[in-house]
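Next up: just one chain, as structure tokens, the form predicted on its own.
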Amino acid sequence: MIKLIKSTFFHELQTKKALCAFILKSEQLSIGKKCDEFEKRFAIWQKRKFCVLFNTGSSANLALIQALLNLGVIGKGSKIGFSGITWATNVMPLMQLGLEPIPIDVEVESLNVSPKTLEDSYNKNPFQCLFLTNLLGLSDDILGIKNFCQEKNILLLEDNCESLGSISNNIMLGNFGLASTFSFFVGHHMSAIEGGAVCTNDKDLNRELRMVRSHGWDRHLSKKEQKFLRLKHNISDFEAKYTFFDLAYNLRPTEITGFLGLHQLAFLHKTIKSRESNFNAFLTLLKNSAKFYPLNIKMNCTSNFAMPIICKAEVTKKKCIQLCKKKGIEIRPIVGGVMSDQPFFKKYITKTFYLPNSRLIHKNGFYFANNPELSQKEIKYIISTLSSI
């Protein structure tokens, strides 16, 4: 069986041995120095000023929206556009926190929102913020999207959980908007078992995220920031230990998350190059088959999360599913499919949306493994199997 992922970590045995040694010698495993170190190192890697580490990527999404509400950057009832095909926890925080989610159709050739689909959606139902998903390591014309958002004064955020390391217009995905979220779940580009992060250049957002992560208190702020808050609210240093300054959660990572993130960060450049090389090999499958839609991806680096296949006919997808099961190739639907068609969305929002491309992708699409541990033999096997349809 060619699974989506082969192991929990890249260089798994080495990582597990290092983790055991770290745990045995550690005096503290709750959030601490390793988390701080990872935040500094990852911010440098992502070319951002700040990184805030969370227990999951989904928590990072939730915290980002809560922090923006706390700061007054967005308000209750604000309309937030989001990618028609995405993951549930890109959308759920919008609904949970009293915002109005507006799905935006994607392009079949990129699986992502384009400037055209963005403008079409905005003209029908203007929104104040766009929470864009960079799906499967891919993007459409994200610079065009950024320019449109600037023109219309739309706040741009990126869910970059599936696109760590991808580059467009010589800029890393995750660096086009005010902030971006990342996931370090098993099977993602870099595994810390669980874990997530928000990166930004905005110091106020960085401060608010650290409070939202930890009950709303100021323990993880700088001395200067602590002093400002305590003077503003007339709180003594002693009382500040249990003072909660704003709406928040407990979304803290552990030192294990920080340690694993640091350990796997050392391999990230290599794993990204492997994913890009695999992706380019898999593109020949689409170019040589009239039964699949081609991908039109114009990027400097495609750090592909998993390889999508969009069949031109539903019957072809059914044949692919049967053949992959027979041949031992694990496949999955294209992420969460059309999110506005999911039961949780329809339960609370009765309005219907016209998303023809997203529904085509959901109906006729699937993806298979692209991980850095795939062998050339396995890559050729996958290509030859699906080419035989």
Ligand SMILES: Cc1ncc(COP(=O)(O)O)c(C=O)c1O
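Quick note: we count residues from 1 along the sequence shown, nothing fancier. Keep in mind that this is a model prediction, so the values were computed, not measured.
This next part talks about the form predicted in complex with the named molecule, which is not shown.
Looking at residue 188, you'd find a heavy atom of it within 4.5 angstroms of the named molecule in the predicted bound form.
Contact check for residue 249: every heavy atom lies farther than 4.5 Å from the named molecule in the predicted bound form.
Proximity of residue 87 to the named molecule in the predicted bound form: non-hydrogen atoms within 4.5 Å are present. Within 4.5 Å of any heavy atom of the named molecule in the predicted bound form lies no heavy atom of residue 358.
Highlighted residues 133, 161 and 195: every one comes within 4.5 Å of the named molecule in the predicted bound form, counting any heavy atom. Note that among 29 to 37, 58 to 66, 358 to 366, 318 to 326, the stretch whose heavy atoms approach the named molecule to within 4.5 Å in the predicted bound form is 58 to 66. Listed residues 183, 139, 303, 180 were compared with the named molecule in the predicted bound form; 183 is the one with a heavy atom within 4.5 Å.
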